[in-house]
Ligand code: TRP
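In the form predicted on its own, a lone chain appears below as structure tokens.
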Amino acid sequence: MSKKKQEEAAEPIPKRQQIVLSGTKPTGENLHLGNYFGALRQFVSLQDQHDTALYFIADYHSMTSVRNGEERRNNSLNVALDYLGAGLDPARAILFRQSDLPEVTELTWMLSSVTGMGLLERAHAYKAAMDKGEEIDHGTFTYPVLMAADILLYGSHLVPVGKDQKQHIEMARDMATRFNNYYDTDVLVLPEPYILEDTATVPGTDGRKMSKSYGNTISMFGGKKQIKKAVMGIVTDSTPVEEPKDTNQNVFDIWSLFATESEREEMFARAAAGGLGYGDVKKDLLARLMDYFEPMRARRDQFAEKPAEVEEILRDGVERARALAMPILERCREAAGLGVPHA
């Protein structure tokens, strides 16, 4: 769907009624600059731009990769701390744990009954796993159905995703359309992907896209020693200090994330003139990076010292999420002839 069509499709929804939703799988990976500039920063801003913003910790989804219960609980808590540290305000957004609202699995089954095998076989994640020769379990194969239920259960209109995840929203729309058509209802809202064209694709320390799987990340909440090691390890060319520098390198791209336009112009002019060492750029980047995330680290540490308060935030969040979910689930049940009809 083109950006123009996406905007046209979303236009009839008054801003006050828009529901935006996203989830994060608790796999134990530390948040890095790519996570923040590519997603988390936008999530925080969306809580002010829309009437309802839901962010859930996708612990059911993590069951395809994390096989230890205690590890999953710890990972889930860490995701909550990361969100809260980054500025998610539980008074403005709804933060909850997916498994605290197990009704999502009921909608998953309803959607499974109208979803063709061919659709699931075309899922990018499934095809990638097959290409790698990985062992495929049922959870991996039907992963898109649970993801669709996550989206559709709350009447979500907008789902922030990267371009490579757009297929998940298209599949959710397909499942919602089939359910609505089979049961002659309009209960399931067709969501739209919310793709931010100007979202930064953060390069890693080796120049490739920053990703945990590449081992090229710079942590948001790591210790200074760990972060310094990553920053000083950013790969650069071998141009001598006195020579002009090519600013089309990842060290300048990462540094630019923390600089104003005028600061970028000044730095690039110095690079073009020669006499600027890559070590100087890295040292300045380290200082800027530590300053930028310090308030977030402090806020995260404060919440980490109060785990009971975090659990209370999650309990409140799931009750608010349930208030949105249950009317939709009840209408799905009635449309499908499940249970006793409501008066």
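Not measured: the values here are computed from a predicted model. Counting begins at 1, following the sequence as shown.
In what follows, reference is made to the form predicted in complex with this ligand, a form of this protein that is not presented.
At a distance threshold of 4.5 angstroms between non-hydrogen atoms, residue 56 is in contact with this ligand in the predicted bound form. Using a 4.5 angstroms threshold between heavy atoms, residue 165 counts as touching this ligand in the predicted bound form. Using a 4.5 Å cutoff between non-hydrogen atoms, residue 61 counts as a contact of this ligand in the predicted bound form.
When this ligand is considered in the predicted bound form, residue 322 lies well away from it, no heavy atom lying within 4.5 Å.
Between this ligand and the residues 234, 153, 147, 95, the one pair within 4.5 Å by heavy atoms in the predicted bound form involves 147. Remark: none of the three candidate residues (218, 227 and 278) comes within 4.5 Å of this ligand in the predicted bound form, counting heavy atoms only.
With this ligand left out of view, the stretch that reaches within 4.5 Å of it through heavy atoms in the predicted bound form is, among 66 to 74, 22 to 30, 302 to 310, 286 to 294, 22 to 30.
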